[in-house]
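Below you will find one chain, with nothing else, as structure tokens; this is the form predicted alone, and questions on how it binds or moves follow later.
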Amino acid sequence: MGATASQLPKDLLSEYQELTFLTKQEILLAHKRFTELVTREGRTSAVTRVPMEKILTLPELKSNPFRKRICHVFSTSELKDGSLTFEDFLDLLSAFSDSATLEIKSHYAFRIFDFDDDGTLDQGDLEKLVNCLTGDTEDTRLTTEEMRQLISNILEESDIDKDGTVNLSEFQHVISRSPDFVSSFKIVL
């Protein structure tokens, strides 16, 4: 642990603690895990960025059906390639931590489910969401009629203003009635 602590200056560690929902130990562990993903050539650049493919090898993300969307939502890369800096990685872990608020968790869940990044969950987003949850294989894929009925039910329940989409406040309203959402929306290193 001494080597990890010396690689992350105390003032930076304190700043990360203030800006995230993570403890000192969680930040140090995140730094250790992130550093293990960095290639030797990547360590020389000013802002180290780990490619999405490497991030997805983490056991905590490997089996998450939304793993690629999670990387894209938290990535600050101008290339929109899902690569993460250490600060992006901390933001991800912070939003998925036990200490994050319902508002933070629901905001990021909404962004993850908004596959086309247009600020609403429309029929296309909901279809991709369902396919991620059920598995998009021949055996698990819903029929066209089952999908239509399910999306219709989701919109009936969630689309308060009846515009055919679910916006962030409508999504947060639905989430607020789901007591297990906060405890299930987490990633622990």
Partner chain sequence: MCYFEGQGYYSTEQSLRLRRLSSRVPNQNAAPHFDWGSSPEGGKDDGEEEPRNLRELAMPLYMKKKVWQVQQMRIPVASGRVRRSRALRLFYAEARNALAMVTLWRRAIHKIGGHFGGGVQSYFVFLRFLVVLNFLSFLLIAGFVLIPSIVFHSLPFNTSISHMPNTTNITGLEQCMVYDPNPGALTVFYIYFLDLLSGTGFMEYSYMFYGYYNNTMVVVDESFSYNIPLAYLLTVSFYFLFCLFCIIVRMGGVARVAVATGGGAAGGYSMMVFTGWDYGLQGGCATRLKQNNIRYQLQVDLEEERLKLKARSLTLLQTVGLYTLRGFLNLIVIALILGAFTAIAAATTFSQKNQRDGIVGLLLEYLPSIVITVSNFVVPFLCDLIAQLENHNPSTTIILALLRAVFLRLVSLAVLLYTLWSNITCENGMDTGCEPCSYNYQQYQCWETRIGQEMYKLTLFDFLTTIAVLILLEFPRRMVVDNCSNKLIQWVGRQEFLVPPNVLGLVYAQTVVWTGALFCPLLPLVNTIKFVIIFYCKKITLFHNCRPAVKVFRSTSSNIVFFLVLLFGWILASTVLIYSMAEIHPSYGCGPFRFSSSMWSTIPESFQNLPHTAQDFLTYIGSQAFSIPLFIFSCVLLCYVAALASVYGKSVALLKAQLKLEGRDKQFLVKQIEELQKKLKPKQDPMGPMALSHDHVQATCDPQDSYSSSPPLHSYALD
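Residue numbers count along the first chain shown, from 1. Predicted model, so just to flag it, every value in this text is computed and none were measured.
The next section is about a form of this same protein that is not shown, the form predicted together with the partner chain.
Though the partner is left out of this view, residue 150 does reach within 4.5 Å of the partner chain in the predicted complex, counting heavy atoms only. Looking at residue 184, you'd find a heavy atom of it within 4.5 angstroms of the partner chain in the predicted complex.
The closest heavy atom approach of residue 142 to the partner chain in the predicted complex falls within 4.5 Å. Contact between residue 121 and the partner chain in the predicted complex is found at the 4.5 Å heavy atom cutoff. Heavy atoms closer than or equal to 4.5 Å to the partner chain in the predicted complex belong, across 122-150, to the residues 126, 129, 130, 132, 133, 134, 135, 140, 142, 146, 149, 150, ordered by sequence position.
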